[in-house]
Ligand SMILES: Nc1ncnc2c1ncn2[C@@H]1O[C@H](COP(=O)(O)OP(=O)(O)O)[C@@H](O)[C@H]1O
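Only one chain is shown below, in structure tokens, and it's the form predicted on its own.
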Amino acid sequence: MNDLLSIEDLRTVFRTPAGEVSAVAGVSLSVPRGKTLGIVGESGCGKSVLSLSTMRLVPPPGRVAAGRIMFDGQDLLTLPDAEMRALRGRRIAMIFQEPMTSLNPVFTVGDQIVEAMRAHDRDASDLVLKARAIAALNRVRIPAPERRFDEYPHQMSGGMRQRVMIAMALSCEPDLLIADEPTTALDVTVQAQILDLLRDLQQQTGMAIILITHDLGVVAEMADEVAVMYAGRVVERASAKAIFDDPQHPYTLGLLGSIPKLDEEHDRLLAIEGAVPPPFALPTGCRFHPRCVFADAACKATDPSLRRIGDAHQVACLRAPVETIVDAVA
């Protein structure tokens, strides 16, 4: 399959008083054209840093220390700043978290969309760009887009602001859209509308999508493939169907076990004890072993790498496949 984006052994570090720590530690991923990759995990697993690394927007004192980010045959990490700026927003766009803080409160939403388009089209007139911006607002199903063009972010609901962010990201018709928690803090009705919108726009334009979220329900509805991240690494990667039907990593099992199921009775939901370790205090061996109910002495001594189980299922666990884990604790 023709991959639009291929991330190879990416490592992003931050300088601290205790030395450099890795927020993304050797991640490899790929996204085919026209497909959706879901990246899931708890807060602090490195999902957002991975997306910012892809856009080359990691804030100081962070930096990409190693690896390659191949986009349509180009290594983004080797591009001059001017070429990366020309690519960013035009061919690779991003929907950032928290639309209220991502939008500038002192400018109208129309001015902000026009500004994004102006960065990549300096020859078009203001009237032409305004017409394109209104068309972009209409495309994301904002009612009365001509009136909304002149409104400020505070005059819109959370769902409307999120649609404005999507309109801005899609205004230059990118080949790749990175959506970082696009439905956070939205009620379920608006969330469903946003997901339907992204799916429809993908079908219309053929763009690839990286969907970053902690909501497995969103992933089940949108993703073709899923990468589960933990403590800066991918610990499981497979098709969405395989992740939900046949999870292989104990962390993935824990995430799925914490979701209530309407067709089953539970006294209480499963919970993963503890929290994601900070990058400056990682345990030896497997990074998940302090929270893993299946861990043994080997897990505390050996840091597993991703290995293939089956045709297209990868997992970083010494105890996988899952039948081995079940037999061991039976």
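Since the model is a prediction, treat every value here as computed from it, not as a measurement. So that there is no doubt, residue numbering starts at 1 and follows the sequence shown.
Beyond the structure shown, there is the form predicted in complex with this ligand, which is absent from this document and is the topic of what follows.
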item	value
Touches this ligand in the model of the complex: Val27 (any heavy atom, 4.5 Å)	no
Contact of Cys286 with this ligand in the model of the complex (heavy atom, 4.5 Å)	no
In the model of the complex, Gly34 touching this ligand (heavy atom, 4.5 Å)	no
Close approach of Gly38 to this ligand in the model of the complex, 4.5 Å, heavy atom	no
Which of 65-73, 40-48, 300-308, 287-295 sits within 4.5 Å of this ligand in the model of the complex, heavy atom basis	40-48
